[in-house]
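In structure tokens, the next block holds one chain alone, the form predicted alone.
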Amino acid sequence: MDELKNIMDAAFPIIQEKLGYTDSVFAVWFSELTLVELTDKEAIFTTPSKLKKNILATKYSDVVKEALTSVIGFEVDPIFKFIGEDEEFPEPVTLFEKRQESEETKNARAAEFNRLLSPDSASSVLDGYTFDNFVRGDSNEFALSLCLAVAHEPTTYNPLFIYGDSGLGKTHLLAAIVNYIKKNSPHLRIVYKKSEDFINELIQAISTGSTVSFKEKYRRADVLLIDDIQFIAGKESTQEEFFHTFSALYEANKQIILTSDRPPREIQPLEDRLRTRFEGACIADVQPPSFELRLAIIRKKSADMGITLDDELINYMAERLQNNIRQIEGVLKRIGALRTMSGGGLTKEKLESIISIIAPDSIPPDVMVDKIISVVAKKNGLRPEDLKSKKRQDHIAKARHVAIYIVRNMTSLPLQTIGQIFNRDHTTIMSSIEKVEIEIKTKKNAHAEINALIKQIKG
């Protein structure tokens, strides 16, 4: 195995150089790729994701083959397999029409189209958001992988529907797609809109009799991105127009990317014909960041802002700011502003004061634990004391596993501390977490049930 690892250590820099990818983009596809077998004819690779396996096999097989040939001195065919129970996804298919125009003509056409768009479309409002400065973790990696695939080759997954609570990075992902396509495929015509702007623009077009130009703008797009699509719920005229725009683009094999704060089935009231199209999309959710991801986000964003924080303060921020990334950005911006105006060091007391202003609903870990146990117990018809007891009845044990899993994911408490709360040792706590993780992967509704509990806990 050491010899196989050495081969890949030598091949990875070659692959990255050939692709021209930055470290962060390269890591999304190749960080978990493992060479497990090598013969005179084949190289067998594994990756823990069906999506990544599909992308590697269809997009990167040739470059991997070339890199291996450079290292081992003879040609082999790369075979990609995935490990684990991942969601089933079809092989990516490129439906994008091949234009016969020259690159110069296509680029000029797209540049003129984008120049005529209103300033908020694919413009400076999205500047600075890239895949490179998107901090990835377990809670967002699936959505990130899909967005990278679509940015790299539009219509690989079409339509793409991303949902999650506010402040978790959905707009950042849309902006990263826009900026990636503008840089790497400048001939494509891009329209990015927040749904509220789409609605207001339609109202303006109706009132001024300019609906023809409105329709033409949207239906000429190669890539349409609509942020917060849930706001069209209940607006009949908007839904009517968007349905026809959606259908026209989809039938013309153009890429459609939508975000929402909820899955399609929960957008109410929404016309059935739109709901079925949304539900037929490739759907990915973005979850609240784990404690580890919050730490990484705080470290990266504070470094980008030139703010130096010691580990104690970083950990405290990660404990308190659990809901979304915007809270973290807001606290860091206020820290930077206060330092500029008044100077002096940042104490835990000052940080707590800032957090109470930016995120007054943030909950200390001990209070959060009590709330988690109470909600999970009530959901299962139990008392909080039952979850902390030594009782081993199946329904109590299952509820206890769920409570332990949620505590681990919603707080920064170490395993030993969680064990003390539930009167178990840390190995038992690890076993409980693993059981829930397996159930999430294998049981159809387990993920949704956990998410519903987390939403209830957050109030």
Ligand code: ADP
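For every residue, the number given is its place in the sequence shown, counted from 1. It should be emphasised that the depicted structure is a prediction, and the values quoted were computed from it without experimental measurement.
Omitted here: the form predicted in complex with adenosine-5'-diphosphate. The next part is about that form.
Engineer: Counting any non-hydrogen atom inside 4.5 Å, which residue from K217, H187, K301, K194 sits next to adenosine-5'-diphosphate in the model of the complex?
Structural biologist: Contact residue from the list: K301.
Engineer: Would you mind picking the one in F134, F291, F278, F82 that has a heavy atom within 4.5 Å of adenosine-5'-diphosphate in the model of the complex?
Structural biologist: Of the candidates F134, F291, F278, F82, F134 is the one lying within 4.5 Å of adenosine-5'-diphosphate in the model of the complex.
Engineer: Any idea which of 245-253, 367-375, 293-301, 231-239 reaches within 4.5 Å of adenosine-5'-diphosphate in the model of the complex, heavy atoms considered?
Structural biologist: It is 293-301 that comes within 4.5 Å of the partner.
Engineer: Test of understanding: in the model of the complex, would T155 fall inside 4.5 Å of adenosine-5'-diphosphate by heavy atoms?
Structural biologist: Residue-level check for T155: no, no contact with adenosine-5'-diphosphate.
Engineer: Check Y180 for me: does it contact adenosine-5'-diphosphate in the model of the complex (non-hydrogen atoms, 4.5 angstroms)?
Structural biologist: Y180 lies outside the contact set for adenosine-5'-diphosphate.
Engineer: Determine whether any heavy atom of Q322 comes within 4.5 Å of a heavy atom of adenosine-5'-diphosphate in the model of the complex, and answer yes or no.
Structural biologist: No, no contact at 4.5 Å.
Engineer: Please run the contact check for G167 against adenosine-5'-diphosphate in the model of the complex: heavy atoms, 4.5 angstroms, yes or no?
Structural biologist: Heavy-atom contact with adenosine-5'-diphosphate at 4.5 Å: present for G167.
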